[in-house]
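In the form predicted on its own, a lone chain appears below as structure tokens.
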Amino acid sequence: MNPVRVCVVGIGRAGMVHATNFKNNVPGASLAAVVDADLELAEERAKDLGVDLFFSDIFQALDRAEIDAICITTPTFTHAEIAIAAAKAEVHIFCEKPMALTVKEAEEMIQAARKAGVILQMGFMRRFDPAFRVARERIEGGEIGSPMLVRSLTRGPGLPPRWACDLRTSNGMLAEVNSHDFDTIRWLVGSEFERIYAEANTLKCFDLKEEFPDFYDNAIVSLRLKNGTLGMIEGSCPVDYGYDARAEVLGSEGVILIGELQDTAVVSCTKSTGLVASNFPGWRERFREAYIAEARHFVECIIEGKEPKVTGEDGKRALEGVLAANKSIQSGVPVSLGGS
């Protein structure tokens, strides 16, 4: 069988992670082309990756390259247009988080993929991380009884690109940094959001607050799920000390702790330095294996014609949580969510 030909759209930090994986770490896939609005960057990265085809927009790629799937890692406000164009061309879609700017855009992406009969998989890689995956299996198996409290946090070492600091083009840090936490909580507990209350503030990047009045660099989200479980999301970016992604689920019969700050089990201690351990410098190192696993799953779903474990509906649900939290921050009151 011919390999699944993948085009990576957006060839920045995340794009290079995915492009490298599709080229080197995903059986059954080949990296066919790269796309970036900066054509010089696209050409440079194509050369680095050993790829002949590079373009400045998705429409050129769809028209001129023979591709079976795309991987979207561009700014959030471009996701819907790119995904819908790919669906119309009957090209499978892998979309990085956050899914889109609005629920309407997310729904249009889902409908376009469904109408074309192509796969739409969201890039929630924590679902493919061994620690998070085992934790969910144990929770589903009843090891800790019924979930009562769930907590998820993400702290990023550095700010995302400047466009992400503007709520109008990104939905803010809760979208860019903490979309994974919204998905993680509903996935671990197996229930949907019922009510969300959030507080946020700018406590570090005061220059960005002056330029973008709605900007915040720290946030706390309190939530209730439909099955009664209570939850909390904590987000902070930038924190400088490294990348930090952890979760905890307290059940009626026990507790599960997921993730750690240390990247190895080695800790040294001297009189002069005290306890010293290495930490994760960034998200690429912390979730390296998970990124590979989600890319392999995407290609397997294409080859076998099966639905992915992380769907467009999952992306939409996480987006609904983010939007409710931002609304709560702006209004100062809890926000109820509808749906089942």
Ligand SMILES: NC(=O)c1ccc[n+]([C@@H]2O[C@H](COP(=O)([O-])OP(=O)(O)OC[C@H]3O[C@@H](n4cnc5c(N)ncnc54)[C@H](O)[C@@H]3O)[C@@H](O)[C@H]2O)c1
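This one's a predicted model, so the numbers in the text were calculated from it and none came from an experiment. Heads up: residue numbers just count along the shown sequence, starting at 1.
Not pictured, yet referred to below: the form predicted together with the ligand.
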* Structure fact -> Partner-free chain; cross-checking the ligand in the model of the complex, the single residue of 247, 82, 221, 174 with a heavy atom within 4.5 Å is 82
* Pick from 229, 152, 121, 73: which residue has any heavy atom within 4.5 angstroms of the ligand in the model of the complex? -> 73
* Classify residue 9 as contacting or not contacting the ligand in the model of the complex by the rule of any non-hydrogen atom within 4.5 angstroms, answering yes or no. => yes
* Touches the ligand in the model of the complex: residue 236 (any heavy atom, 4.5 Å) -> no
* Asked: Taking 4.5 angstroms as the cut-off for heavy atoms, does residue 97 touch the ligand in the model of the complex?
  -> yes
* With the partner left out of view, is residue 161 within 4.5 angstroms of the ligand in the model of the complex by any non-hydrogen atom? -> yes
* Structure fact -> Within 4.5 Å of the ligand in the model of the complex, heavy atom basis, the matching stretch of 298-306, 311-319, 60-68, 34-42 is 34-42
* Asked: Which residues, if any, of 125-154 lie within 4.5 Å of the ligand in the model of the complex when only heavy atoms count?
  -> 125
